[in-house]
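Next up: just one chain, as structure tokens, the form predicted on its own.
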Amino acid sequence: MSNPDPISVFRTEAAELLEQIESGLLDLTRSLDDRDQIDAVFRGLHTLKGSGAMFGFDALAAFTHHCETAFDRVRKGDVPATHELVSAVLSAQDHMRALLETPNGDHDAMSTSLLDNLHRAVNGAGSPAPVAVAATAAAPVKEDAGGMREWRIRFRLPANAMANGTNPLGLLDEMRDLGDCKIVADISQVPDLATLEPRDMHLGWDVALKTDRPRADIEDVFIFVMDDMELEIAEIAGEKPAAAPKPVETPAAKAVVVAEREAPAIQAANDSKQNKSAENVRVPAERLDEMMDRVGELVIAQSRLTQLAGTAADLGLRSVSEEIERLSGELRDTMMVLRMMPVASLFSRFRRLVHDLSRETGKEIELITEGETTEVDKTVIDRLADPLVHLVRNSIDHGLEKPEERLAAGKEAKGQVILSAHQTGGEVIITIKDDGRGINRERVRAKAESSGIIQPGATLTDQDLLQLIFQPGFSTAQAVTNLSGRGVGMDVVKKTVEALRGTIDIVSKPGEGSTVSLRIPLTLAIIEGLLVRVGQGCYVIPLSAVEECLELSLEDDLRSRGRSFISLRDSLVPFLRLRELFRTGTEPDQHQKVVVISTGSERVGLVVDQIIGDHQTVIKSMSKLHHDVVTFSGATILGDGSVALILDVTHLIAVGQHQEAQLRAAG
């Protein structure tokens, strides 16, 4: 197997660092004097600058250096943290992403503009503009800490330092920038050539430094490698040797400062830390997808083996079949867990969006997230990102009022947008709720009638009326803005959710706000299904949508013709005869069954000839030739090698509700 590309690894880690920096900046907006967040942002910028320089991203390192310097001044109390500074660094952080993705692009003009904003945020509008960005980060400006002092620094990096991208030469260069520096390499732990591992770090360094900088600046050189290394910093005071150094505590971490006699114990502790960090392994998503495909094929093969063993008289074969069924089930469950991710990774993206929209619209907005530990399939999270962006922007633009309007209505000036997630059965429900003005039903109806979506005066249920906002090209905005008005966002939401075999529910109360709920399957790869027979064909109904099963005798079937309703606990439920819908051309069985399915508050019965039982369903996508067949969402392979189609519950419920509306109108 080929080694991973170091540049690709750096880009991935840099992207994670940028997310951490953004999260820290957004947390800082809530409490500008939060020292922990100030230190966290500084550490992230310092790490990004150092790593960028090591991997040849000089423009990124140089640009990041200015942001790091700004937060270093905040950290040392020279200037206060302000909302203007946070916003300037957030904008600069977006530019850092561009420098990361296209390091050779023409970014000078944007860099200069952003640094002007950063300089004004730190020093005020009247201060002179900063010097243009150089190819490499400039040396820090020295601060007098009470005269020249001599220091002895001994350090040894962990064995895997070079493999992880840490270049000791960069650390030595930073110490040279601090003052007069004499460096001696410690080769005492270099093994014999026969046992030497060339990828490991075997050297240590003994540095004599004469500088007017304080001890904190020396510690800052090691700030992003301090956790895993051996480090001793001692001041040389005249001829009297310094006492055994004590552990150094910095905002970044607690440095391990040891005398030479303590080195073995510290090395053991470092080994323990390295073993702990090795418990997490970065795996490309493509490999997980490939493994999921293999597990799916294994489940199909196991189903065929179970069917063959069931018809055989060989008890040994049955025993082996049961054991393989157990093992494949455990492997399937383990694989499903590997693909699951907490929705926190999805929700965290919207903190920045809400922050920027608040400044753009002049509205005071508070984003609240709930149920962030709820886990969903990675594919679902990736595909839900854009729909949720549209829904959050829609809530802020159409839902939340201006502060003065909210105060006039007896509300708090600050509006709320609540993102929540919770699991129920085989689904996860993601809810976007606001406490704004609610959906104006009269405006929705007027727009739908003028656009020809519905006939003037058409009778619609409240839910049907609210669902009109998801029609293509529909928008109630008075004018086209950066946020809304073109009528394409909500259409994208509906198409994406339905492609995920999900549904959308809307609840809106005038003056109180709106709630949009997305019901999404937990996974898209393997589902629990109910296998049924209609005519000579077998079909799978997702088990998460099944409420109950009833028997429909031939007499009841004949009696209900023309009505297509069944009475279920004092309520009428429409049902569809799948035999007629699929045009099987077969006679119904004597004892037919009704499978009641539901999505939210909508219920429909499906008349089938036989219920075979539950089935582990490996979902196979439909071919491009069948993409217009909306009744089915996919297919699966049964144990005997035949194909069973998976019913699209959302489409069938829509057909049933439409049939019910027609019957009620005719009656």
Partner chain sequence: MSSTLPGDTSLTLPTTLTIKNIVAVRELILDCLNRNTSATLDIDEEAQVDLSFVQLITAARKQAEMKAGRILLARPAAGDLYDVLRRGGFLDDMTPDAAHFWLHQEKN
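Heads up, when I say rigid core I mean the largest set of C-alphas that superpose within 1.5 Å between the two forms. Residue numbers count along the first chain shown, from 1. Everything quoted here is computed from the prediction, not taken from an experiment.
What comes next is about the form predicted in complex with its partner chain, which does not appear here.
With a 4.5 Å heavy atom cut-off, would you call D173 a contact of its partner chain in the model of the complex?
Output for D173 is yes: heavy atoms within 4.5 Å of its partner chain.
Would V184 sit within 4.5 Å of its partner chain in the model of the complex, counting heavy atoms only?
Yes, contact at 4.5 Å.
Tell me, yes or no, whether V283 is in contact with its partner chain in the model of the complex, where a contact means a heavy atom of each within 4.5 Å.
Taking the distances in the model of the complex, the answer for V283 is no, it never comes within 4.5 Å of its partner chain.
Would R199 sit within 4.5 Å of its partner chain in the model of the complex, counting heavy atoms only?
Taking the distances in the model of the complex, the answer for R199 is yes, it comes within 4.5 Å of its partner chain.
What is the one choice in L338, A408, V190, A458 with a heavy atom within 4.5 Å of its partner chain in the model of the complex?
If I apply the 4.5 Å criterion carefully, the residue I get is V190.
If you check A413, L327, A446, L169 against its partner chain in the model of the complex, which one has a heavy atom within 4.5 Å?
Of the listed residues, the single hit is L169.
Where does its partner chain sit in the model of the complex: which of 316-324, 175-183, 513-521, 388-396, heavy atoms within 4.5 Å?
Going through the listed ranges, the match is 175-183.
Is the shift of A409 between this form and the one not shown large enough to count as movement, that is, does its C-alpha move by 2 Å or more after the core is superposed?
The answer is no, as the C-alpha of A409 shifts between this form and the one not shown by less than 2 Å after core alignment.
Do you see a C-alpha shift of 2 Å or more at E548 between this form and the one not shown, with the core held fixed?
Not so; E548 is displaced by less than 2 Å.
After a rigid core superposition, would you say the CA of F155 moves by 2 angstroms or more between this form and the one not shown, or not?
It does, since the F155 C-alpha is displaced 2 Å or more between this form and the one not shown after the core fit.
Assuming the CA distance changes by 3 angstroms or more, are R199 and A14 closer together or farther apart in the model of the complex compared with the shown structure?
Nearer in the model of the complex, by 3 Å or more.
Looking in the model of the complex, decide if the C-alpha atoms of L48 and C181 are closer or farther than in the form shown; they differ by 3 Å or more.
Compared with the form shown here, the C-alpha atoms of L48 and C181 sit farther apart in the model of the complex, by 3 Å or more.
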